[in-house]
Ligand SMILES: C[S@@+](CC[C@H](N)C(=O)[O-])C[C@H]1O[C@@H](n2cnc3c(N)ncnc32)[C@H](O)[C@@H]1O
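One chain comes next, on its own, written as structure tokens: the form predicted alone.
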């Protein structure tokens, strides 16, 4: 074997999966500390938001209002924690529900519960057309924080707390804080409560002039107050460190008690 071929062989040495993941984790930590890179990523996100970047993705034909990296993070959470139920507050176009139902179908979960103040009849019809996946949907039309909605949710859970909650509806501080307080008790130790669109805190105010939320009044400020009130949840910083682009920085909360 020549000196060059030996060098090539050494360069292609395969590490174990554990070592590969450890290398990745260290690299993610370094990336999270690279303030220049983080600043550039935020700049890209701000500029791309003007072109509806996060609205460009679909799952099985339905718009999915999330970044690919966040969807991979949700996939990883569902793979690791194997929830029986996913509660999605804010149904939008239904792509998120389809994505989560696909994973539950593969991994053996039960239902995706979608909650929204308005669920169009045509969306109900489209969601019902997905054969086996359609059997995994439960839709609740109503306020996410009303007593009636919570009663219906608890009836569907049947006492299970093996639940992943994804909050992505009205993004004002007061509403999100109320949702966090309302749905946190449904989540057992080890499971996740994901608070969507915490990125609003870091976006220019002019991007949200037609909305009742913006910097200082958004999911991130609600998460900060919520975490000051409870020791049951912590931010999963490992997820944050590897998400260069994310709509939910600091919003991946795991129950530790």
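Note that this is a predicted model, so its numbers are computed, not measured. Positions refer to the first chain, counted from 1.
Keep in mind that the form predicted together with the named molecule is not shown, yet the notes after this line are about it.
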Taking 4.5 angstroms as the cut-off for heavy atoms, does residue 110 touch the named molecule in the model of the complex? no
Residue 65, heavy atom within 4.5 angstroms of the named molecule in the model of the complex: yes
Would residue 82 show up as a contact with the named molecule in the model of the complex if we use heavy atoms at 4.5 Å? no
Although the partner isn't part of this model, could you tell me whether residue 102 comes within 4.5 Å of the named molecule in the model of the complex, counting any heavy atom of the residue? no
Which among 128 to 136, 153 to 161, 115 to 123, 102 to 110 is in contact with the named molecule in the model of the complex, heavy atoms within 4.5 angstroms? 115 to 123
Answer option from 92, 186, 180, 98, heavy atom within 4.5 Å of the named molecule in the model of the complex: 92
Those residues of 135 to 174 which, in the model of the complex, come within 4.5 Å of the named molecule by heavy atom: 142, 143, 144, 168, 169, 170, 171
